[in-house]
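This document opens with one chain alone, in structure tokens, the form predicted alone.
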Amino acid sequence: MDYLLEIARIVDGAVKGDRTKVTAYVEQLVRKLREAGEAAAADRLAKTLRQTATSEVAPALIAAPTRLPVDQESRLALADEERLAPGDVRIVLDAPVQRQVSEFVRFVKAADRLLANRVGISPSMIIHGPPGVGKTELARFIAAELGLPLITARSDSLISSFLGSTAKNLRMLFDHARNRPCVLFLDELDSLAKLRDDQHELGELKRVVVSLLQNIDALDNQTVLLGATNHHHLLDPAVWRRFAYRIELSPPGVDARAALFQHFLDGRAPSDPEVRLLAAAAESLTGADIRRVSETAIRASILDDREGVATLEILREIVRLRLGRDVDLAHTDPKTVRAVHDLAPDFMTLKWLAALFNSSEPTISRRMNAGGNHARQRDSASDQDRDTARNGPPARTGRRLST
């Protein structure tokens, strides 16, 4: 049965006398009806909702779903809200992770059919991985695909210095999420859910973990819950068991890195062979790193009044990120030359190395050969892109490098 989720929530709110909940889910049902082309039914429900809003007791309640709870001491909001639509957020993931995310989204979207067939659902996911791999962006993407507002918990206001206030804040936030259609996102989950046997933690913080577990357990099986952490090893095992889906995000693979460069350079990307060179050299960099170097290149191209980005400058920034900011590209010592070459040995040719070090190809060749380490020469290649890439950059200028 279509719309069973909304109807069940509306009935539940009506039985309990919860106008806030009824209003929130009637609004969602109206939106879904319009999207399905059932305009007449949507208009009728919307009219009923407006008539209710004109009653003596409804006006204050009608706006309650969008009023985020606040910490009683600081008066700071316990969460931030963001409204996204399908297509507003684009993510680039490696294929296995993309399949997991698609399965989760399809699972949540099929909630009506699953409930109609008496199949229990648990729309919860924990996302873990190092900083910069896109955990928050993935949460935004999921909320956008589901067409639900994203409610992101604020750890700085949730965690209070007053005894017992943190648990109370958690309760208010979870109550808010239960009473409206939304995705509740607990970012930096480790700040709330550390191991309870950690001898360095205070008793109050251990009680916070218990409160968090109780609030998660009190959620019905229709509230979408996402959690994210950079330090999965710090999480209490009981927290892991509360999430049906677990996704680990790692630095992107070479194909994903190429797609990220194309995306972040936003129409200013160089030729495909040069993008492949950048993607190969950017191994181990996160999506956040690629975004940062891409935006830096775009700013430089705008200030220099150039249409395209300077591939050589992006490559220099990648070298600095991977080898360290103190790497000296002004001196062609053999160790540094070989280290730069080894970042992308299939693409980092003498011409690219000469441009990077502002030197000549013969000089680079001698440095590569120093100590018995010979540069790998590729005078022929079956792959068209690699052959083009091996032509290297033109004379060292500030203009866009092309093949």
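Remember, predicted model here, so these are calculated numbers, not experimental data. Throughout, we count residues from 1 along the sequence that is shown.
There is another form of this protein, the form predicted together with a small molecule, and it is not shown here; the text below is about that form.
**Prompt:** 136-144, 104-112, 273-281, 73-81: which one contacts the small molecule in the predicted complex at 4.5 Å, heavy atom to heavy atom?
**Reply:** Of the options given, it is 136-144.
**Message:** Against the small molecule in the predicted complex, would residue 241 count as a contact residue? Criterion: heavy atoms within 4.5 Å.
**Reply:** Residue 241: no, not in contact with the small molecule in the predicted complex.
**Message:** At 4.5 Å between heavy atoms, is residue 90 in contact with the small molecule in the predicted complex?
**Reply:** Yes, contact at 4.5 Å.
**Item:** Exercise: residue 287 in contact with the small molecule in the predicted complex, heavy atom 4.5 Å
**Value:** Flag for residue 287 set to yes.
**Prompt:** So in the predicted complex, does any heavy atom of residue 291 sit within 4.5 Å of the small molecule?
**Reply:** Heavy-atom contact with the small molecule at 4.5 Å: present for residue 291.
**Request:** Find the only residue in 164, 253, 149, 132 having a heavy atom within 4.5 Å of the small molecule in the predicted complex.
**Result:** After the contact test, the surviving option is 132.
**Asked** Just one of 296, 155, 230, 221 has a heavy atom within 4.5 Å of the small molecule in the predicted complex. Which one?
**Response** Going through each option in turn, the one that passes is 230.
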